[in-house]
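Here you get one chain, nothing else, as structure tokens; it is the form predicted on its own.
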Amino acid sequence: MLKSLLYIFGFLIVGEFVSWLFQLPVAGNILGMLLLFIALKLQLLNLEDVKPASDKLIKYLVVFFIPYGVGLMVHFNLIAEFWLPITVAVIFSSILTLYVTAKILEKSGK
């Protein structure tokens, strides 16, 4: 389990470093996940190497959303003022994400 956590946090650190080094407008944790995905897809890393920690992290995923919920409540007045554009953006981006995911899965033959 420790080895799998080291892999996951290693990719997180690399992603943060790349984001900082090149001053990219993409968060380092997103780059780290993308690099981890590429390493798994190219079989540079085996799924069994990261599975124990990822299973535990997914089990407690809801805990990671608590800071975002608190942040939403801090900006409640702003959200209340712009609720319609926010709602439209959330619905549109969710539908777009579902569509793109379905197309990718369709092309991959799964």
Partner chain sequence: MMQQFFQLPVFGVFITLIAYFLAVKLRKKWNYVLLNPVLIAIAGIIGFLLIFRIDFETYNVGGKYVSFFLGPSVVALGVFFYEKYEEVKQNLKIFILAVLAGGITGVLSVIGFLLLLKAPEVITRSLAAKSVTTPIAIEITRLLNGIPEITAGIVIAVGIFGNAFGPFILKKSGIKSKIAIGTALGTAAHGIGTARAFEEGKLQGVYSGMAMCLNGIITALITPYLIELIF
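Residue numbers count along the first chain shown, from 1. Quick caveat, the model's predicted, so the values are computed rather than measured. Basically, rigid core = biggest C-alpha set you can superpose within 1.5 Å across the two forms.
If you look for the form predicted together with its partner chain, you will not find it shown, but the lines that follow are about it.
Asks: Is Trp20 one of the residues lying within 4.5 Å of its partner chain in the predicted bound form, judged by heavy atom distances?
Replies: Answer no; every heavy atom of Trp20 is more than 4.5 Å from its partner chain in the predicted bound form.
Asks: State yes or no: in the predicted bound form, is some non-hydrogen atom of Ile104 no more than 4.5 angstroms from a non-hydrogen atom of its partner chain?
Replies: So Ile104 counts as contacting its partner chain.
Asks: Heavy atoms within 4.5 Å of its partner chain in the predicted bound form is the criterion; list the residues of 74-99 that meet it.
Replies: Those in contact are Val74, His75, Leu78, Ile79, Phe82, Pro85, Ile86, Val88, Ala89, Val90, Ile91, Phe92, Ser93, Ser94, Ile95, Leu96, Thr97, Leu98, Tyr99.
Asks: I want to check Leu6: does it shift between this form and the one not shown by 2 Å or more at the Cα, with the core superposed?
Replies: Shift at Leu6: below 2 Å after core fit.
Asks: Given a superposition on the rigid core, I'd like a yes or no on whether Phe92 shifts its C-alpha by 2 Å or more between this form and the one not shown.
Replies: Result for Phe92: yes, a 2 Å-plus shift.
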